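Let's start with one chain on its own, the form predicted alone, as structure tokens.
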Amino acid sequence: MGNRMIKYLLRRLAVGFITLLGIVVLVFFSSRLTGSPIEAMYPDGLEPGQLELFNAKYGFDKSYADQFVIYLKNLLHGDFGESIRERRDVRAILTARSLETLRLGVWAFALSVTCGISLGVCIALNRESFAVSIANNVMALLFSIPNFIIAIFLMLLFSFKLKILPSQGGGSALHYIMPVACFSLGPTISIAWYVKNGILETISQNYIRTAVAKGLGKARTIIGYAFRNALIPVITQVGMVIVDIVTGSLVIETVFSWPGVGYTLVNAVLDRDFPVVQGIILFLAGIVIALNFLLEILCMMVDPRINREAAA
């Protein structure tokens, strides 16, 4: 890796850090514009003197600027603060809830990548068949439907109508089926399309036609040559699957009451639990920024042309 490439990656790191800092500032001040958490926690009000004690404990008696400076200093020491609602350290909440989201995410990621790549190769191999034409239309229809609509439909069908799957919470293998299906449906279709388009674009090249003419076989040529050369957009899309799972957790976990990061964030916003809101959004933003950086490095390793373009 040359000096130009190192400088390029350092610039990307700097941009990521500035973006993260901007998110910290935006979330800190915008969350406080929603009002005091006391109104959400104690709708009937507090006894005389309790309000002052509450504000003093959480630093709400100071100006926004002073609160932000204190928060930033604590953040640099790895202190995300204490949840107002749960009276627990935000890091402990993040650790417990992120593990729940990770359990869903691992299954959804594995299912999306496996089914998406297999489906894309299958469609590319049989692109002229009538069944593939129907499958493409069905996939386009499903992809256009928001995942929370699909989640509600699955819940109505399998939980309330057929009564074979639990609709809320987690704890058993059956609880995973509907959330994982909702998480993985869109990414599976997206990966399948990228794989199909990448393969079809590659097999139109002269060297692929030459390989087929030499007797290697159509399927062997597609899997051995065309799929490998179509890997760059697939890698990018696979990375976006993780982003979709992270961002989609807000909706899917809330619909199924799955005790993960997304469900916790929605409840923290409703409760105006500022430390939890700030900690979770910073955590999710850090994952997305780090993932984009790692994907860029991976694409450079797979395709040297990206190295040259970035250095230029």
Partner chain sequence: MSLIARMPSAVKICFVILALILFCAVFAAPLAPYGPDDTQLRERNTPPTMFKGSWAHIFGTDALGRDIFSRLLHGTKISLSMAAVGLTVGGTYGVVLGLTAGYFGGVWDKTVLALVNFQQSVPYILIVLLFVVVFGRSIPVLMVLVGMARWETYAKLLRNIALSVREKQHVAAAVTYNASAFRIILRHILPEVRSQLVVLLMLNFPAVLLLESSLSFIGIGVQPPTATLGRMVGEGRTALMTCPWVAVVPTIVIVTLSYCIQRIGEWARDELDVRMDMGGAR
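Take the two forms, find the largest set of C-alpha atoms that superpose within 1.5 Å, and that set is the rigid core. Numbering follows the first chain given and starts at 1. Since this is a predicted model, take the numbers as computed values, not measurements.
Missing here is the form predicted in complex with its partner chain; even so, the following discussion is about that form.
K.L.:
Quick one: from 99, 174, 156, 72, grab the residue that has a heavy atom within 4.5 Å of its partner chain in the model of the complex.
P.N.:
Partner contact (heavy atom, 4.5 Å) among the options: 156.
K.L.:
Choose from 99-107, 146-154, 82-90, 113-121 the stretch whose residues reach within 4.5 Å of its partner chain in the model of the complex, heavy atoms counted.
P.N.:
Flagged stretch: 146-154.
K.L.:
With the partner left out of view, is residue 160 within 4.5 angstroms of its partner chain in the model of the complex by any non-hydrogen atom?
P.N.:
Yes, residue 160 lies within 4.5 Å of its partner chain in the model of the complex.
K.L.:
Just checking whether residue 247 would be counted as a contact of its partner chain in the model of the complex - the rule being heavy atoms within 4.5 angstroms.
P.N.:
Judged by the heavy-atom cut-off of 4.5 Å, residue 247 is in contact with its partner chain in the model of the complex.
K.L.:
Taking its partner chain as it sits in the model of the complex, is residue 164 in contact with it (heavy atom to heavy atom, 4.5 Å or less)?
P.N.:
Output for residue 164 is no: heavy atoms all beyond 4.5 Å of its partner chain.
K.L.:
At 4.5 Å between heavy atoms, is residue 27 in contact with its partner chain in the model of the complex?
P.N.:
Close contact exists here: in the model of the complex, residue 27 approaches its partner chain to within 4.5 Å, heavy atoms only.
K.L.:
Any chance 186, 254 and 269 all have a heavy atom within 4.5 Å of its partner chain in the model of the complex?
P.N.:
The answer is yes: all three residues contact the partner (heavy atom, 4.5 Å cut-off).
K.L.:
For residue 251, is the CA shift between the shown form and the other one at least 2 Å following rigid-core superposition?
P.N.:
Result for residue 251: no, shift under 2 Å.
K.L.:
Under a superposition restricted to the rigid core, does residue 71 display a Cα displacement of 2 angstroms or more between the shown form and the other one?
P.N.:
It does, since the residue 71 C-alpha is displaced 2 Å or more between the shown form and the other one after the core fit.
K.L.:
Do you see a C-alpha shift of 2 Å or more at residue 27 between the shown form and the other one, with the core held fixed?
P.N.:
It does shift by 2 Å or more.
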